[in-house]
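Only one chain comes next, encoded as structure tokens, the form predicted on its own.
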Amino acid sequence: MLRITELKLPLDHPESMIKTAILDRLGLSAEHLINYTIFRRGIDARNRDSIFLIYTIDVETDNEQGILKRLHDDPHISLTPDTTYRFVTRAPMDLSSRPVVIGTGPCGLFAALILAQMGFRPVILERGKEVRERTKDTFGLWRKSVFNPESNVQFGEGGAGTFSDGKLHTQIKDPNHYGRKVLTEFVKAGAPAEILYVSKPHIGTFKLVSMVEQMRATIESLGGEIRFQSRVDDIDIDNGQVRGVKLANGETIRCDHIVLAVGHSARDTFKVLYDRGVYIEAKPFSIGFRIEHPQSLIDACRFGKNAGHPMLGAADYKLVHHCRNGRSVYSFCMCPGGTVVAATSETGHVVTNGMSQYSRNERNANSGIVVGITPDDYPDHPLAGIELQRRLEAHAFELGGKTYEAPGQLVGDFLAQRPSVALGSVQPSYTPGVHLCDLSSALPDYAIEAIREAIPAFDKKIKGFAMHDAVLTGVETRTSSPVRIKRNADYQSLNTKGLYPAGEGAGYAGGILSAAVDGIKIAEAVALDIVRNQEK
């Protein structure tokens, strides 16, 4: 097939215009066009009053080579790449050792799925509960301020991504088209088929719940074993080689290959690894607040007269500002038509995150407004970033009244450096609730200074961003893992054979899609190593 990129059509074009545009671009008559499929559909909203759809289309004709020869100078016409996923190996019939996967977030799920599809019958350990029970516990915090440290937004089947916007786009390089494998498996599990072609696909929490259940059923049908409420408290390492894991209930599972896909909030696991001598180093991450505006304001600023168009949906934004003090402030995990959610994983701490449903039809838009920090800001220990997170989260708990309410402040008051005493036109979506206060002590001074400079700068790009009644909610500290568990080219730990650090928790991903792709790579590496070892 041929691939046409950058095919630009009006926002309200009829479907027949796609075929006409294909014929015009290729210089074909209709009888030579056999079929076409939309591979990608994006939106060009740089001019909000003249918005276009941008297509990538795969075309089947009866003269592909002739067209390529005739249009060889056109950079937007090429052969369609082969995105078919092919397994790197198969499990031997006499499999002597089953791999263990720790964690059932996107990385762990896909590592387990690929291993199961290759016949390796993985054992998957999840410290939290299965996804529907976990959802009940999560809502228990949101609605009743009842917190379960082992079953919450961070811990449980599906990982932190289950309670998010469900974004499925990434900027990672993907020459092997692993991302296509991820999207295809998601559609098999019940995701909308449109995620295969829209440029910024998302799923939303409720759809993710049922998809995770379907993926679990697939893994189990292929011989995988998933064990919930099975927290790993220790890892047996003998002379630089993993030999097994010890669970909180005292049980030991012997294994030679461990996929460590624990997510960015498994602080106790990071401590165990450090104590066992596994190489860990501190890495940069970001801290800040959530900010909420009326979604209608964002729609009008981004789409103008086209705001509300069904093809466009709720508008998003992506912002960055480089501050005078050397810090960078940027929008993070923007959730159109979403809510701010309680995302702590430790008692007596407050953490915020953002979440959307598939419809993205809640009244507010929210985003993290975060400041980049580096190990220079918390030196002297690989786990020092975790301790900084804990201090900020514990202080947020105190500022919020020690009830799991989050500390909040109106943007106008934050910029004017005065406490907030009453809400305005923007009603915050965070539950259990928002306790108005002065956020100036919620983050280090350099971060407060940077955010105060960035918000007015952002207002020049999105008019109304600095509106007085917009709400800041603290604190956003789990933007990414504060550690990296470094690995070799074969994906094993630098100094511990058989240990495969993976996904966000190990510092190698930043979102659902990139974590899932990393899980596929890890599964392939584990499978090849098992086969090599068994052939010796």
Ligand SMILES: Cc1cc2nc3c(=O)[nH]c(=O)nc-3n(C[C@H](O)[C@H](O)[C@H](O)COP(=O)(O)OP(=O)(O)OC[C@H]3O[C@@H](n4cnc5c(N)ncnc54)[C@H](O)[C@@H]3O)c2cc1C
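Heads up: residue numbers just count along the shown sequence, starting at 1. Remember, predicted model here, so these are calculated numbers, not experimental data.
Same protein, other form: the form predicted in complex with this ligand, not shown, and the subject of what follows.
Interface residue among Ser164, Ser345, Gln409, Thr138 relative to this ligand in the predicted complex, by the heavy atom within 4.5 Å criterion: Ser164. Not displayed here, this ligand is kept clear of Ile522 by more than 4.5 Å at the level of heavy atoms in the predicted complex. Among residues of the shown chain, Phe155 is one whose heavy atoms approach this ligand to within 4.5 Å in the predicted complex. At a distance threshold of 4.5 angstroms between non-hydrogen atoms, Val350 is out of contact with this ligand in the predicted complex. This ligand is not shown here, and in the predicted complex it never comes within 4.5 Å of any heavy atom of Arg180. In the predicted complex, every residue of the candidate spot (Gly159, Ser230 and Thr269) has a heavy atom lying within 4.5 Å of this ligand. Only one of 249-257, 381-389, 101-109, 415-423 lies within 4.5 Å of this ligand in the predicted complex by heavy atoms, and it is 101-109. Annotation for 319-341: interface residues with this ligand in the predicted complex are Cys333, Val341 [heavy atom within 4.5 Å].
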